[in-house]
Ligand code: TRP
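Here you get one chain, nothing else, as structure tokens; it is the form predicted on its own.
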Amino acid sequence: MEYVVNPWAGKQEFDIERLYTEFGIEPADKLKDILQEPPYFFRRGIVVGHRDYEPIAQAIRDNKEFHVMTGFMPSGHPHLGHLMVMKEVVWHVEKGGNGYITIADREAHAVRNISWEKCKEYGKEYLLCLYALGFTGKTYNQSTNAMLNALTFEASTKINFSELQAIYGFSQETQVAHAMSVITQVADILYPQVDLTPAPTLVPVGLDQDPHIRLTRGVAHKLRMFTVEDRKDHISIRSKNAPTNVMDELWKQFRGSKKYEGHIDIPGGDLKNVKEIVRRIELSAGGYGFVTPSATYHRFMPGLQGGKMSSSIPESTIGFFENEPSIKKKVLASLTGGKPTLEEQKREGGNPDSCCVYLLNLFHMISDDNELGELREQCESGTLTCGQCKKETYQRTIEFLLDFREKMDEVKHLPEEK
């Protein structure tokens, strides 16, 4: 049976191994080894997969230009479940990336029927959280970005409805606005390369957003004038409806190359250098010259009662402005990986990997790896009871939120200026 990932499902379990084998997502366990100072979301296995992260790591190491972008659908108030992708973006901006954030109001309006006014209100709340984390870069709403809308139209010329059916499971009942919101997200991902310059572009997302990444990578390829391939004994440049004069100009760049109808063969040659020259010629001729975008995929922070943390399930979430009694009630009532009785817990220990409280600490509440390791050891050995762990986690959560709210107060003017 064909495996379809639904980006809009509230509850969805993922067969990660199947995503690796069927869709080409690469395991992320080696990413921490290709960075000099890997962030904690790599070290702790929160990021579980990627597509072509190596160009991003190379750009960071060599201090070369790259972009990092992601989007937020303003269908409700932001909560702790949204925080990880924000941290991923901010970390990559701090490493030199050009930051881009889209508020996906078209998607919220088309898919969730959220009013434009509410989209605007919720969107500012997401931006406030990002600025509190230290985000710098460009932010925009899908509905008001003229350049984005023009790029959406161009992207739509390379997508047919059969492709959307195969990737998303769309049917004859799917609204056209829903389909258009998908194509707008394709344009979002490619937008930094149009707004600034073609360069490696990272899109940090949850596993449920992979369909958008797959579709965009295909569109980026289709919008190129040329395909460059390494044929071992030569490098082949193939035209994709490029004007004849552009082919002629390209042929002049490579001494000893052979020009045929529709393609140019270069004996030997350096693939990276050829790609750079082809991209430069394409840009000078009015093409896009897109670099195929990359992605990282993080696992979801679980809700306090298990499953996905979702604003549609209030008891599963912790909001950034939630009051202390409500937070205390939720944390103390949260699902754990402990044993049914205290005696069994002390004798056999708990299972932190299935504990929502431990994972809350792993994702956000404990920054020190050694301290987290101690918590895990105490859980597994039975020396720490679930009740005590919940109380300590509640205190960490309150301290975290109080500090975060102070940071939000310091930057509360920034969303209003956008």
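Residue indices: 1-based, along the sequence shown. The shown structure was predicted, so the numbers you read here are calculated from the model rather than taken from an experiment.
The following text describes the form predicted together with this ligand, which does not appear among the structures shown.
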query: Candidate stretches 227-235, 199-207, 322-330, 162-170, one within 4.5 Å of this ligand in the predicted bound form by heavy atom; finding: 199-207
query: A295, V219, I264, M73 - the one with a heavy atom within 4.5 Å of this ligand in the predicted bound form; finding: M73
query: Answer option from M301, V89, L304, I189, heavy atom within 4.5 Å of this ligand in the predicted bound form; finding: I189
query: Partner contact for M69 in the predicted bound form: this ligand, 4.5 angstroms, heavy atom; finding: yes
query: Contact flag, L130 vs this ligand in the predicted bound form, heavy atom cut 4.5 Å; finding: no
query: Contact flag, A104 vs this ligand in the predicted bound form, heavy atom cut 4.5 Å; finding: yes
